[in-house]
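There is one chain below, alone, in structure tokens, taken in the form predicted alone.
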Amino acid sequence: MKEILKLEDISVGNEEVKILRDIEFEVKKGEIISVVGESGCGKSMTLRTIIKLLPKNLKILKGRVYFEGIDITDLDEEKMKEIRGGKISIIFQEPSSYLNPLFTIGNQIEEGIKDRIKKEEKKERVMKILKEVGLSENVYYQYPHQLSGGMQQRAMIAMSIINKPSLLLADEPTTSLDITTAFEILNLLKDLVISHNISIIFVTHDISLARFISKEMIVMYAGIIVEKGFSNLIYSNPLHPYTKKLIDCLPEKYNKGERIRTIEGEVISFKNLPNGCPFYPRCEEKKEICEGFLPKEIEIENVSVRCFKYGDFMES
């Protein structure tokens, strides 16, 4: 399959702190790839880097972002506006925070249409897209507060695909939904890959959802990729201690009556990153070398991992 997006050695931050370090991955046409990790691991910041919506105090320190074969790293805001919302769209978590309560759903979706077409044509296009995402035509005339959480998220998806993008960034779109509705949204996204021939980067803290929706996944911790490869391989045989902990905490891994498991400790602050592996303070398999050096990414059985368990390969 043709490559649609490539991140090459990306680091993001400022003079005081680095939020992302050495991020490298690619997304092919018609592919869904998941980015997994706890809150504060850099998942959403990775999406913001792609569409150049970084906070004012942060910038790309090194590396390149290629979209459809074009280097977009240094594009100015005017050119990025043409790409953002058009060729690259994003779905945020908590749709109620992004839908304007004062305007109807139809009005808000129409507002995002970039093509210069007549009002009647806009309405016709919105009606069609609402049907595609599983909403009735009545939703066109309704306000956000009249919709359930799942319906609001479908409306957000309709808004994100109205301009027929090549790449869709889904930032934890199932966070506030019950499990049944969440899987309906996942199935909808999978259907859109086929019907719209788009690629999706799906961000989630739930590694089981990542396994369900994507063939490949990336596991992030403290702004670095600690493991990446085929989702089924990572789920069935996780290599990094952090990935193992994420999987051990899943409800399906519990025995009856067993207490809730957690990963001890907290996600490390980006202002206090250690010289070595950032997971070192919470790791039960740590070695002395982990504290002072950052492990290099190595490949083991079609999975890339950063861990000194598999040899003393360190970043130069």
Partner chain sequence: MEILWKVEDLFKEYEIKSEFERKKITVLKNINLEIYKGETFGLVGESGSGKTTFGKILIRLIDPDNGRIFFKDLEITKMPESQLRKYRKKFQIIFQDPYKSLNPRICCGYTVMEGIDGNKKEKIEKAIEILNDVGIKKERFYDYPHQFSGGERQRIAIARALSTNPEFIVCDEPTSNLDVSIQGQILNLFIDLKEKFNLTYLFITHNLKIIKFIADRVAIMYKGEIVEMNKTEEIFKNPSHPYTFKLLKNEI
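Remember, it's a predicted structure, so these values are computed and weren't measured experimentally. Positions refer to the first chain, counted from 1.
Beyond the structure shown, there is the form predicted together with the partner chain, which is absent from this document and is the topic of what follows.
- Heavy atoms within 4.5 Å of the partner chain in the predicted complex are found in one stretch of 57 to 65, 262 to 270, 23 to 31, 283 to 291, which is 262 to 270.
- Remark: Asp178 counts among the residues lining the partner chain in the predicted complex, judged by a heavy atom distance of 4.5 Å or less.
- Although the partner is absent here, Gly69 is not a contact residue: none of its heavy atoms lies within 4.5 angstroms of the partner chain in the predicted complex.
- Although the partner is absent here, Lys123 sits far enough away that none of its heavy atoms falls within 4.5 Å of the partner chain in the predicted complex.
- Mapping the unseen interface onto this chain, Lys87 falls outside it, with no heavy atom inside 4.5 Å of the partner chain in the predicted complex.
- The contact residue chosen from Ile83, Ile162, Leu147, Leu186 relative to the partner chain in the predicted complex is Leu186, the criterion being a non-hydrogen atom within 4.5 angstroms.
- In summary, among the residues Phe92, Phe103, Phe212, Phe230, the only one with a non-hydrogen atom within 4.5 Å of the partner chain in the predicted complex is Phe212.
- Although the partner chain is not shown here, in the predicted complex the stretch 33 to 66 places heavy atoms of Glu38, Ser39 within 4.5 Å of it, in sequence order.
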